[in-house]
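Form predicted alone, single chain, as structure tokens, below.
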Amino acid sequence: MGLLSDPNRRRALISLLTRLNAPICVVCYMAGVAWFMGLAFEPFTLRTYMSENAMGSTMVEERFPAGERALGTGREFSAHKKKAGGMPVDWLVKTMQSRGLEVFTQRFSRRLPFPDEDKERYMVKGTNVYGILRAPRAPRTEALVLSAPCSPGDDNNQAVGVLLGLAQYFRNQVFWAKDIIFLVNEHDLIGMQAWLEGYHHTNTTGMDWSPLQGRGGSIQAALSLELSSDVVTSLDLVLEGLNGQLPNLDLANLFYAFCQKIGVLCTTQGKLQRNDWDSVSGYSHAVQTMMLMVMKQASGRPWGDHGLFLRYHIEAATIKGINSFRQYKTDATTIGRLLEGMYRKLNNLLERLHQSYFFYLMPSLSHFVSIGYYMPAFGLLALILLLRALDLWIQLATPPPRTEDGVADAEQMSSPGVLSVLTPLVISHLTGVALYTLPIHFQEIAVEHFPVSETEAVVLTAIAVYTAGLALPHNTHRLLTGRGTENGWKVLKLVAVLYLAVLLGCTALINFSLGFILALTLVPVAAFVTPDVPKALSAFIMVILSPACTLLFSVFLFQELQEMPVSFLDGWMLYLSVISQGILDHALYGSLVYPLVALLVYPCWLLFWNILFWK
């Protein structure tokens, strides 16, 4: 307190921060990036451990014996699916009833805002089939869910067979204290969304669905199973859900514990765990695994059917069977035993999973990075914005130097008008509103006047509106009264820097990965852009660091991390597909990434673009 209350010391501190502001900002940026990259180094991570006492021991004897019979059921399901041309509803109802379940169906339909060219669908109609195994030893107030999506073609038939095999096996056990719901959903996420909305009596997406005739208790946890081959070499755990939500870490720990017990090869992000963490290749492998999780989480889209459960505070994950032609093989019986063990442990829960972490990153299944370890990396980047805001505040509060005749510079003394600051703010956000609303509303007009499909019209309209926003400085200057003052751009930048700091801080609290990626590209722009820098070079750098180019670079980086590099043309087509999927995810499931970028991030970037061309 003495440092701030003493005028001389306060002036010395202000002078030091003003003089060394730029070097401190550079050091903070480099330290933030280095901190983040160091998170994948194993000595800096924590080993996973079970926090929930009810699931602390894996001393459960798994006896599921019917793996081959389950695969036969899967082949029978495949034949009926081909015969029906989709979900074999009648066959599924009869099969579940023969296994002693209470069976119900739910019809749903949804018209997409524009055709989904990736999955070739526009008007979606389907039926969900689910069976409930009532708990024989409890008042049936809680439930667990095991789901398997009915995918087109020959995909995931084996998962449905394993689900039906487990239903028959679980029916003969007497120790269940929770209802177990076996769900086969059609049209992947759309069907799952319809079932969850019907189960919880909500309708947040405007989908048409029939009310559920049967319900279990309050759902405590859920697993989604995806198998597309009779032979599985490893099981991959998918955690990333809608808007970057993650399940409680104990669910991942439970999966890893039973994989270790049974001897199943397990992966996350499709990558095996390595023990040579002290080598360059081992560290690089951990960085790739962690970066894949960051990229998936930042996308805000659900990466499996489990992702929609998380918005209802239901801990869920997707288990995918991978056939990568390794020598190691896992049969359906072993997978059934793994699921049996996990559900028997979840059956012991006395309360919802809550004792472990909800915010974490995983360089491997055996190690994790908690929120207390990765938030300082973001904090160092956010500190740059606060330092720049402090520097601008000091400059605005400091009186201008006087000339030899004792008169201050009139231009320096003149205060900026409200209109000179308010106009860029209003126009920037109106441009963001146009970017958010026009692509879908103008698709019919674009299709009538140009030889493009509806999906192409939506994407090209979004790109056109985004590009048109680059004319913002010219439009702003036409609306300004008189020429801008010297302090005008400083006031505007002070507002923009504080705006960006609050925006990135709130984003990082909800979705750290998205907030950190945006901070990596937007913080340098916010820190060093002024009207005095070279216009052409600075404009090029700003465009490279803009949200659209950040997404383009992320697409290529994601493909490299998956070891599936693409050419520039293929990458560009994938980039356009990612834009359309982002808009669809917002319309169908309520993903917040597209409105966040369109209504907040892009207008904030436009403010700095306006500062660069300030006159």
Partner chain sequence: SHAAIKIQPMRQFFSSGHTNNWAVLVCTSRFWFNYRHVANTLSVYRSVKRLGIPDSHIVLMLADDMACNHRNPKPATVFSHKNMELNVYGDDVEVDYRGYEVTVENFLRVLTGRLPPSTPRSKRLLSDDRSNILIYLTGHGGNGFLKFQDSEEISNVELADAFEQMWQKRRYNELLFIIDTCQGASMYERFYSPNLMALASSQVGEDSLSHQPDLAIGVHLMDRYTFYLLEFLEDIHPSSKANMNDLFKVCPKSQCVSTPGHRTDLFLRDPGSALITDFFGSVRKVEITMETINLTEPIHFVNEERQKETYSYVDQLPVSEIIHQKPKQKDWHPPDGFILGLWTLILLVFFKTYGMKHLKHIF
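Computed from a predicted model, the values in this text were never measured in an experiment. Numbering follows the first chain given and starts at 1.
The same protein has a further form, the form predicted in complex with its partner chain, not shown here; the description that follows concerns it.
Which one, 330 to 338, 230 to 238, 309 to 317, 138 to 146, holds residues whose non-hydrogen atoms are within 4.5 Å of its partner chain in the predicted bound form?
So the stretch in question is 138 to 146.
Please pick, from S218, N348, S210, S370, the one residue with any non-hydrogen atom lying within 4.5 angstroms of its partner chain in the predicted bound form.
Only one listed residue qualifies here, and that residue is N348.
Listed residue that, although its partner chain is not shown, lies within 4.5 Å of it in the predicted bound form (heavy atoms), from C549, V26, L574, A54:
It is A54 that has a heavy atom within 4.5 Å of the partner.
Find out whether any non-hydrogen atom of F512 is located within 4.5 angstroms of its partner chain in the predicted bound form, and reply yes or no.
Residue-level check for F512: no, no contact with its partner chain.
Is the gap between A177 and its partner chain in the predicted bound form 4.5 Å or less for some heavy atom pair?
A177: yes, in contact with its partner chain in the predicted bound form.
Given that its partner chain is not shown alongside this chain, does E563 nevertheless sit within 4.5 Å of it in the predicted bound form, heavy atom to heavy atom?
Contact check for E563: no, nothing within 4.5 Å of its partner chain in the predicted bound form.
Given that its partner chain is not shown alongside this chain, does R344 nevertheless sit within 4.5 Å of it in the predicted bound form, heavy atom to heavy atom?
Yes - in the predicted bound form, heavy atoms of R344 and its partner chain come within 4.5 Å of each other.
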